[in-house]
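Two separate entries follow, structure 1 and structure 2, each one form of the same protein chain as structure tokens.
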Structure 1
Amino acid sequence: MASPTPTELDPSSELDAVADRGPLLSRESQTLRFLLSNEFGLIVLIAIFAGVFSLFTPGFTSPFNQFTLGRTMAIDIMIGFSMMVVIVTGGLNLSVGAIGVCAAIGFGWLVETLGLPLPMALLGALALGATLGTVNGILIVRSGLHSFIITLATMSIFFGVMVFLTHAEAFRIIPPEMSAFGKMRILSYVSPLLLISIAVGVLLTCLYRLTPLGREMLAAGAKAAAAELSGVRIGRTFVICHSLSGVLAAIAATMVVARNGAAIPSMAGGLGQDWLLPAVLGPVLGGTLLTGGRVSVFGTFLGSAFVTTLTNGLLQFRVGEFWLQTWLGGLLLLAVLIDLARRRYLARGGRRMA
């Protein structure tokens, strides 16, 4: 296999002669790049573990388990997305959970107390998420402080205001279509929530691949100074990232409402902290860089899917109940080591190909 060596690109010595030599991208290196990618690694890992689980536990492949697995996965993926769009900037949004809970409670209030129709209430919840996210973004950009500390504070504030207003009361009277949606099974295996996550994932991929805004987000996150000197409006871009994070958190929250059949303040734990782990785990395993500037929507999807599969399978395995976490951590380590070995092996092969 011959990848183009630099000599092939040597232009003719005449200054103005721009020869038309076809695209500079070669197919071989694209294939190798995919095989070396995180996404491929995760697919392999999911396949390995899913295979082991379905061989050794009877319950894993049952329609009900696959359905609940998909449902849990869908929510974790969406939570992962809402963190991912901020990680792109090199920051974090600790308040994803708090925004999510606020959006869920806001949704509950809109349908139960105000009696709004379902679509309006959903829009209202998303708008609330966007607003809170925007507040984060503006505070971060205006103060110049790290998003970690700002969202740490707003996590307290958003959640505190919500608890203060509701006194931790849940909203239960949500439209029956909503809870039915949470329980709905397509072909008895698939939760429609998973389809929503896939759809959002496709949209996000388009954002980063096909729009100037998405590219600017990545550029600003990778190296703000360089992006700024190329005309990217850093501040505005960062604010939009946070607003988007708020919207995605709100979508995740409405999915949880559908799943729980109620909007409850404790759905994400105290201050919404229970969301933090799934929020960061998916993007990080999926190859989104914590330092910003690189994103993989599909990777986040697979990362979250991998962790939920692993957890689900381990629960099926019935390892000693108190030792489950040890197993989970151990298998996670094993998984990244397998992945590392794969990458080393392929990289060596790739160099030989060159």
Structure 2
Amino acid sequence: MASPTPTELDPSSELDAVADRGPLLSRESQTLRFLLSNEFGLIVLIAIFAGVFSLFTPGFTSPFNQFTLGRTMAIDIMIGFSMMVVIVTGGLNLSVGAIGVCAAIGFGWLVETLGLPLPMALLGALALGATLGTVNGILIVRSGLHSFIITLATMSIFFGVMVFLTHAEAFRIIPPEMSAFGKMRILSYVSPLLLISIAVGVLLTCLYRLTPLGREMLAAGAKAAAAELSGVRIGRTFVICHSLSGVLAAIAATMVVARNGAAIPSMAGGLGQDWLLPAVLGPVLGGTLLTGGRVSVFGTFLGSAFVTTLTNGLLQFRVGEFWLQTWLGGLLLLAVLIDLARRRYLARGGRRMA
């Protein structure tokens, strides 16, 4: 008679074997999820397009272009963050560009007209951005209208009031240390503005992963009614998200001022509309759901970086502005359709979305 196997002698040994394989299976599952994620796809796309541009456009790899690319990338990333913190609630902030222009002009006015020192002027610009964002949030909560409608209206209101008060004049007397900061190079390639965007990204990651407020924002975006029953103050959370969006838009605006050496009303296009496409593209490409409840700070960072790299490379190829906007618009549509197909596929497979 054959001797019993170890499993027959001790049934718990099979459980121990499964438990031993558990960490390995978990690591394999995590690796598979990362390979299927938006973040990995963006890393591959950035590497591919950067390689193509490097081969066919010699100026792409020059130290000056790499510095310029990083500086522009920092601003686009911050613009993406500004929209991301509102998309996480299932809303939109179409006034991102208008708030940014108002903050930049407010900064220029505080410096040139009132003669405030640089730190106080920067705080004033951030406070103005937070105030305008708070106005958006309060109007949305009190009216019950979708943020698309409210921020579409305030985009015109904010920009119009700013033009009326300043007569559309630029403020060009900027503290020299701020202009020097915008032109500074670290190791000949890296702009310190990019380091600021990285630092803000780390702070936002900590907000969503480690703080009760961040979890409330995610809960409010996923299922507002259920979150409210759990004690989350939905209206207050929405207002905070829009206030944070205003602050981030103001940071992006001060970056533009540091890069340009002046606060110009047309820095974000008419009504600030030039910021809208990069503001939405970064979060959507990065995996932040338009329906709310899921956020990817790292994905937004990579999405904005990809948009900047693609824009810079196409300009190196001397692609016209019209065709560039066509490319970016098509990219946004493709990203939304791919995300929709991905969610449907995972739902049919009975698996949780990565």
Partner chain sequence: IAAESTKVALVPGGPHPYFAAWEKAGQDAMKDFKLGAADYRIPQKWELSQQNELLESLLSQGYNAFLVFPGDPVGSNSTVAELTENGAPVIATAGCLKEPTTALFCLGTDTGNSAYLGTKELIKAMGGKGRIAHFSGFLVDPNTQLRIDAVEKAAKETNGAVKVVQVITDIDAPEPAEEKINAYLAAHANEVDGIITTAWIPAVVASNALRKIGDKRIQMVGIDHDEVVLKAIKDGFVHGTMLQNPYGQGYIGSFALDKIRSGCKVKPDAPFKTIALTNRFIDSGTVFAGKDAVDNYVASMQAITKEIFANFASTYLSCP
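Each residue is numbered by where it sits in the sequence of structure 1, with counting from 1. This structure is a prediction, so every number in the text was calculated from the model and none was measured. Note that the rigid core is defined as the largest set of C-alphas that superpose within 1.5 Å between two forms.
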Legend entry - Structure, 1 versus 2, that is the form predicted on its own: 2
Inset, instruction - Take the rigid core as the frame of reference and indicate whether the C-alpha of T57 shifts by 2 Å or more between structure 1 and structure 2. - result: yes
Legend entry - Threshold 2 Å Cα movement between structure 1 and structure 2 at L289, rigid core reference: no
Legend entry - Value in Å for the CA shift of L332 between structure 1 and structure 2, taken after the core is superposed: 8.1
